[in-house]
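This text opens with one protein chain seen in two forms, each one given by itself as structure tokens under the names structure 1 and structure 2.
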Structure 1
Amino acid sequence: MAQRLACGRLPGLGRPSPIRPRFLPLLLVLPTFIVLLAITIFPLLYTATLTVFSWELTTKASAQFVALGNFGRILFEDGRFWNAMRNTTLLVVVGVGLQVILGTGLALLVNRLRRGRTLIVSLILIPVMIAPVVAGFQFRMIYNDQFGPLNDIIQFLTGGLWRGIAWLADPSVALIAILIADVWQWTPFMILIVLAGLQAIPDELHEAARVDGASARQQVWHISLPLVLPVIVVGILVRMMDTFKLFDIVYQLTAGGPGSTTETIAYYTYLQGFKFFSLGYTAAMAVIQLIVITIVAKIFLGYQKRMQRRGSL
């Protein structure tokens, strides 16, 4: 029977099979490849093609070939792009840094619990389950300088000496308000990631450390954190890529204002594409973001591989 199959004949039949077995795997993979081509590869190639054209839908002029002109305009002439990149970098570095510190600390505390851990973790994860648009609307109400509860709390704690500030209208604090909202929503994600890594550590290591006289702090610094560091690196990479694409909270809270003080690179790209209708310019900006994210991901993945090699030695 195996010989008949290899020859392309079905058992009990005298004629060749219409589908040869060697082409069957290709046919099974073909639907997935077509879907991937339609939703990933084609848009990527089309966007890369648009980068070399100047195509303004607000005018009746057709697309004009400008080679690398869009990239030169973005990198050397567009100060608003660099302002958005600076805001995004601040949110990535400070915001993700706070999420890692708070998430790791809270995960260590939750990991020490013996009772009620499941309930506490379920409550902690509530912010992650809220849609970013809804979270942005909630914080917009909280930050409201007239009827928001935050200024009332500040006024109560200071005995009426400080009536609070206009969180979303003051250029000096509007970006901080966005950062606080993002940290509140996504710190539970880091808690979940780190907690999963902590629970994967064998209890025998801690028991051996306690027998050797190690304190709880020494166990954390010399056992828990080194072993959970690869998991933390993965969490940092995921959160950095997500924060680099931050749009929902910015759109809900400030819409990039006041002025352009809180514009992120994702929001500025949205303005260029869906407000100003500059297709070629927007495509070039999207490609620059893709390059930056790819470089950051490459650095972190390389660092993780080096840690794995050290752990295997």
Structure 2
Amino acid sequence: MAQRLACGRLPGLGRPSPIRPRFLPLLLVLPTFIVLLAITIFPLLYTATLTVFSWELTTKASAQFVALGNFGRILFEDGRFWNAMRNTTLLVVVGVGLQVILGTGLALLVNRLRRGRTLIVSLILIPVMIAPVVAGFQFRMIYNDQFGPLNDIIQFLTGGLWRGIAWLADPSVALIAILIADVWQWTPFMILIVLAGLQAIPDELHEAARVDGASARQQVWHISLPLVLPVIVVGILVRMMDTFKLFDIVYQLTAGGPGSTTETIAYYTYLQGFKFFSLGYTAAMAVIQLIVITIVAKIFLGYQKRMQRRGSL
């Protein structure tokens, strides 16, 4: 056995290696594969297995095989699941949309600065550096009707004519309050990645456009935005996946209320998993979410690939 292993030779090295060259790559990826197996593949397979069982940890009863019963209950009987999906979709579409618009606009402005850009970018990034749970607590204070500054400012600006809004208590506003908090926290992330994209655009392109008489607006529309679009697509994808999992701010601000108006899919999954300990049901919900996120990611990555083929990148 030792003789057989000794016949290999590492490239670039004079002495023979004890490992056959064709096994070497396998050997090198093995540690990574083992780690991935332990922390990703095994939990994924275990979760997939759990989906076909009803397993209530509240009692001592053992897991019962229910085939696709959990999926059936979720998709056809659980109104709370669909309500949470609706809320999450709204946060993803409107929230990420706003982050893209604001982030891109501000990145274009910051990109024009000649001095102090680093300092301003550092300051703008502060919200991203704050833990979401802390941001949630902060907004709970800001929105508070008795102590919070927001309604005070509204009253001041309207000369006392309008006392503001019950931000977290009004069922028609609470989700918007969460959306504002999320947009506040993550718009700087969009600024950062769009700014990085803008800075990668060669100055020569703008110089040539200027020589040809293009205005600043024309340069933005016909040079900056088309060239930075692939970066924006990646930013949208990252933010969509992240917003789909929005939990901390909801937990801190409303706990899903009033009623179920702000219950997101991540919060509902948390309740099923860690409050009710319905493991099979929670696993099925998690798998459905994984499928949804994977489909969305595929669409965006496909779009990006098409752009690359067209030579936009």
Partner chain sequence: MTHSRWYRVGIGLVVIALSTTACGGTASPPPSASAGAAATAPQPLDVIKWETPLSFGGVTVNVVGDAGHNLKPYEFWKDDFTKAGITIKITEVPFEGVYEKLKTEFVAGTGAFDVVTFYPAYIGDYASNGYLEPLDGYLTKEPAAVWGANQDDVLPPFRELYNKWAGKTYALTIDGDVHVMIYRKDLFENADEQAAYKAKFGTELRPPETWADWLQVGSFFTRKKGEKLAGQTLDHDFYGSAEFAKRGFSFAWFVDRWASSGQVYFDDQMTPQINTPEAVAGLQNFVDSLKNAPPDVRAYGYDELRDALLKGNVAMVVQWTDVPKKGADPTQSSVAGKLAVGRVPGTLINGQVVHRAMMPVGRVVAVAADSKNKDAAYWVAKHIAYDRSLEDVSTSLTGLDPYRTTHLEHPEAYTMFADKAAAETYLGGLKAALADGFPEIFIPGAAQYEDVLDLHVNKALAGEETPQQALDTVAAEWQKITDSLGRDKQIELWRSALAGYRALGLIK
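Here the structure is a predicted model, which is why all the values come from computation and not from measurement. C-alpha atoms forming the largest set that superposes within 1.5 Å between two forms make up the rigid core. Structure 1 provides the reference sequence; residues are numbered from 1 along it.
Choose the one of the two that is the form predicted together with its partner chain.
The chain shown second - structure 2 - is the form that fits the description.
Give me the C-alpha shift of Thr59 between the two structures, core superposed, in Å.
That residue's C-alpha sits 2.7 Å away in the other form.
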